[in-house]
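Only one chain is shown below, in structure tokens, and it's the form predicted on its own.
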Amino acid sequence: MRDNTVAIDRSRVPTALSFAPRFNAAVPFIDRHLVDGRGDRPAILTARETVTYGALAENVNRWGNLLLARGIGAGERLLMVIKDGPEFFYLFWGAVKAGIIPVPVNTLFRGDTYAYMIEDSGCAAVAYSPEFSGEVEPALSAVLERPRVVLALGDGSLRPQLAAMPHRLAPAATRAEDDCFWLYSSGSTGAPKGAVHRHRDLVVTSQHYGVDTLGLRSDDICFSEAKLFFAYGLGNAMSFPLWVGGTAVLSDARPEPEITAALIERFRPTLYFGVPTLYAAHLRSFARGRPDFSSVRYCVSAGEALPAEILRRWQEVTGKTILDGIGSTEALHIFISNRPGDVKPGSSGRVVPGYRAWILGENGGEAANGTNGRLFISGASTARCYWNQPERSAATMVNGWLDTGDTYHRDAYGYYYYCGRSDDMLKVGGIWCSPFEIEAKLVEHPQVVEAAVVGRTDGDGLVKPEAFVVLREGAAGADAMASELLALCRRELAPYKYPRWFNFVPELPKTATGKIQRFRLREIGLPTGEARAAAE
């Protein structure tokens, strides 16, 4: 096998992947397309420019050479606070090709978090888009040891420096198992954790999910509302289209239905990637006008479990289905998913080729079908460790299995059903209760857009479900709506599952990946007496 190649055996199920002893991920994702004659084809589309595969490769090489010229060594880290755009690709792949480890981070963080990441990663360099200078520059001033290299992309001196760099760059002599990039994962609480990923990981997710599950092709145009700085967006908008020689649509704007509609109608993507919150927002906006989704072959959802009712409404309005799945930063992308022609509403689908899943029951063994337990997964894309956190690594990466922290059950046909984060599960009246099951029932009400359920201690010190609900515009008042929702739950849920209190809120607190921050809801005081009385 030649250097930097991947052998793909599609005769086996799942597709078998094997890597050359010397392997740098930038070669199959960037350089290969020039050899395959795609130099003039569009790799990236934005509102301001089109970047061909030829221009992409040249810019990747110039940025890689610039990083090396600045004295950043192989294995050192480059912290990236970069907006979605071509420069993200240039820096990420330039670093990878040079043997430097890119660390893209959430562009919505504040300065104190950036300061923590700079110190935690021990990064040799920081690069940032000018929009984020107000948070990054104070962070650089606050750290005990400032990185040796700081690249402010708004600095006009960078352009002539890049132009002077060679447009060719030999890939660093790395292996498929070597560290390639990090992604910080903080979950809903706790300090961010640096998940260390290898050169092979982007190949694994791109082939097993992008190609084997979604059927991605070279003529596909991918548009992801999820941004590049976290795992879901990194696959959707970068590694997947680059793996098949397709095209990525990038936008640095905040995801909003009107902006999305304009981008979809302009660029005609064939795959659209969102999160349940965004699908709900689109459904609300359809009253003002419906975008043309006719170019979209598949819609995909992850980040939070997709309620069956949102899927039903989406199909009714757009004629398109949504392929819901579950992934994680530690696994890099989706490992259980619904797929074309095989959609089970309310479920996360079945295990993606190349992965295995196991549900740990309360007795320490594998849970029987229909029984809730803690979900573990195994696959070749899982992170090697958390940087500098051996105890958390040992607790999460267990004998080749990744503890997802999610509670699931599986039916007899191999479909997996999300029950909530394991630390969000409620024990009500001595019985475990899934907040997601209650939320899915509340969303069935035609006036409900979103719902979140947490545990609240009542006057007797007992835990009961409490609901936070986002209503459609013009919905009935809180007291009347609380009574209707309580009646719905009493008709169709076991008595211990229905909410004892209802809060009606304009929006739910979310992470950047669209996950509900239930810990913030727990900090909110009890609802008004009228709404509480309606629920009791």
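What you see is a predicted model, and the numbers here were worked out from it, not measured in a lab. Don't overthink the numbering: it's just position in the shown sequence, from 1.
Here the subject shifts to the form predicted in complex with a small molecule, a form of this protein not shown in this document.
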The small molecule in the predicted complex: contacting segment from 160 to 168, 213 to 221, 227 to 235, 390 to 398, heavy atom within 4.5 Å = 227 to 235
query = At the 4.5 Å heavy atom threshold, is T260 in contact with the small molecule in the predicted complex?
reply = no
query = Is I326 close enough to the small molecule in the predicted complex to count, meaning some heavy atom within 4.5 Å?
reply = yes
ask   = Wondering, does P102 line up within 4.5 Å of the small molecule in the predicted complex on heavy atoms?
value = no
query = Going by a heavy atom distance of 4.5 Å, is E304 a contact of the small molecule in the predicted complex?
reply = yes
key: Y418, W314, F89, W182 - the one with a heavy atom within 4.5 Å of the small molecule in the predicted complex   = Y418
task = Have a look at R284, R268, K427, R297 for me and say which one sits with a heavy atom within 4.5 Å of the small molecule in the predicted complex.
result = K427
query = Closer or farther: how do the CA atoms of Y496 and I310 lie in the predicted complex, compared with the form shown, if the change is at least 3 Å?
reply = closer
